[in-house]
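First comes one chain, alone, set out as structure tokens in the form predicted on its own.
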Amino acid sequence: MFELKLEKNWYDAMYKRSSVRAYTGAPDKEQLDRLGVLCRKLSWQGITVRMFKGPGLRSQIKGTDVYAVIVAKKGTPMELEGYMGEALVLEATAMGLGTCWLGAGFHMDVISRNVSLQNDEEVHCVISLGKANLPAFAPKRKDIVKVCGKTEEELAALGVWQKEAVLAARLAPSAINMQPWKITADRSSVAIEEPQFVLYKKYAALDRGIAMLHAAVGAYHAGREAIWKKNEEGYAMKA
């Protein structure tokens, strides 16, 4: 689970990515073809990622009619939806495109027809894709101490990969930018736990999966290939 070939260009993409709702146009054919290849690679372990062009997005998304749908078999951890979906987001960002995770900004009836949704499948989110209307900006994030209880210097004392993993997870998008994670780090692992109180609990697991992908990319940038495993509190990554 959570096994995925990471790409080096996703690291820089994490620092460039921001949520985009206004676009100047849809991705071109070459970009769509490249993203389509990645969607097929992301479609396993109970997840299918599919690209569509046409109706389906609500009016708050302007200037593009292209979106990706994350289809999950019932019982598949929502963290995996976030993990695979954010891989698509980072690749699109690396290509110069804008993206936005949407939990409510789409017409579910249209999406269901497009994907021929089966009784054992669910759709919780889609991702809009297009040419961004404005340059990317760095969204506000919690102080690193609030995220993991350690300063950057204390993280660096644990190890380079731990520091990179936590800093990368801190950049992950989440529902209304709540950053609903509890991150811990020691000399052997980085863990993301489910906090006791979450305002948007419906999306907390998906948000956690997005942060897990970021952490894995951070560790990869530091020269470590990390593996996430489920534990009693959430998920832990050792590299």
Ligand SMILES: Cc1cc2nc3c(=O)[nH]c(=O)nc-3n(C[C@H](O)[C@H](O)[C@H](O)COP(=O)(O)O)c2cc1C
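In case it trips you up, residue 1 is the first one in the sequence shown, and so on. All values derive from a computational prediction rather than experimental measurement.
Not on display, but discussed next: the form predicted together with this ligand.
- None of the heavy atoms of residue 161 is located within 4.5 Å of this ligand in the predicted bound form.
- Although the partner is absent here, residue 21 is a contact residue: one of its heavy atoms lies within 4.5 angstroms of this ligand in the predicted bound form.
- Interface residue remark: residue 190 is not counted as part of the site for this ligand in the predicted bound form, having no heavy atom within 4.5 Å.
- Although the partner is absent from this view, residue 203 contacts this ligand in the predicted bound form, with a non-hydrogen atom inside 4.5 angstroms.
- Checking 100-108, 161-169, 144-152, 67-75 against this ligand in the predicted bound form, the stretch whose residues place heavy atoms within 4.5 Å of it is 100-108.
- Only one of 80, 125, 132, 87 lies close to this ligand in the predicted bound form, with a heavy atom inside 4.5 Å, and it is 125.
- Checked against this ligand in the predicted bound form, the candidates 175, 32, 42, 26 yield a single residue with a heavy atom inside 4.5 Å, and that residue is 175.
- Here the marked residues 9, 50 and 213 all miss this ligand in the predicted bound form; none has a heavy atom within 4.5 angstroms.
- Residues are counted as partner-facing when one of their heavy atoms sits within 4.5 Å of this ligand in the predicted bound form; in 147-161 not one qualifies.
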